[in-house]
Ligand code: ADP
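Take a look at this one chain, the form predicted on its own, written out in structure tokens.
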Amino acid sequence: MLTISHVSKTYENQPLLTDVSLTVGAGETICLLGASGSGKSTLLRIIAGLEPPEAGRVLWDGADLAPIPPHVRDFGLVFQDYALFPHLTVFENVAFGLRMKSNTKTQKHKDMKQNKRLVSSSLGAFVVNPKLSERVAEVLELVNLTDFGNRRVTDLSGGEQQRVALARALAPHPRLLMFDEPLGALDRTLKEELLHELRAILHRTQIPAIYVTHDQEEAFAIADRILLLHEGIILREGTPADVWSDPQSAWAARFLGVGNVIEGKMNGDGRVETELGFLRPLCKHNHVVGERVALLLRQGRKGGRVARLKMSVEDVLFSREQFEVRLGGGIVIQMVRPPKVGSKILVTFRVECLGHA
């Protein structure tokens, strides 16, 4: 099991990661989700051994990985730009990872020569090793590229190239897989297709994985557990369902788009004075009178504290199978049938307190 213990890192004298701790269990896929610059990729590089932390430790089954160089950690990486060898075939690209893993200290000089030959070799040079050929065939079948072995990667589509990159990472039987924005260069339809396939592959192989992305839809589709990273700090951790139902902070709610976040001033009777009027939220915090708090308004939710507000329709936009309706005060809701701009409609919200604004 991978354990990150109190890892910190600065960049240009500014904190990039602050006391980050997390675990990845056997067969588990966790997703580091956050905006650009939140420290996601830096944390991945620290885990891979590509750069050291300034504080904290990276452990595997309790053993400190600090003295272990990246190529010996037995972790597979998949990047957005694929990082394939353009002059090699699909088979040769996948086989490269297997050849590199065969390196040992006692064979270092010999394997360096083999690796030099590998970069300029033809497909036939690999076939002499039946076990290597068999493993390449296995992972190509796993990523649905069975008949692609002889093709040059430059002749493949972006989605096919990403499958090759995944096959190369899977081939050496890594003990951990790491994905850094792997689908960022693909269009929406292809991204959705590969997400479902990738999730199935991870469940089938039971290889633990860390998936880094800024895309909420990717995170909720792929992860067993989501960690929201904001300004180098993990603000929320839980299953996709738990994080969505209870974001626990104004930043998380806004970032995920789970509802409308408004701010107001706490009144003495448990109500909050807002631009929409006095609202009584479901609140688990201890606030003082006059404190600024953030409220989450969820459309059409039952239970808890409910507010029924009559609001003016300012704009209506078609959004896939529904209409996005913009109301006064910056409130946005979804409706099956579009109301008329300028009309007033009655909207029901569940009101939750997200804590200090």
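All values derive from a computational prediction rather than experimental measurement. When you see a residue number, it is the position in the sequence shown, counting from 1.
In what follows, reference is made to the form predicted together with adenosine-5'-diphosphate (ADP), a form of this protein that is not presented.
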| property | result |
| --- | --- |
| Partner-facing stretch of 308 to 316, 38 to 46, 321 to 329, 57 to 65, counted where any non-hydrogen atom is within 4.5 angstroms of adenosine-5'-diphosphate (ADP) in the predicted bound form | 38 to 46 |
| Interface membership of V347, adenosine-5'-diphosphate (ADP) in the predicted bound form, 4.5 Å heavy atom rule | no |
| Interface membership of L16, adenosine-5'-diphosphate (ADP) in the predicted bound form, 4.5 Å heavy atom rule | yes |
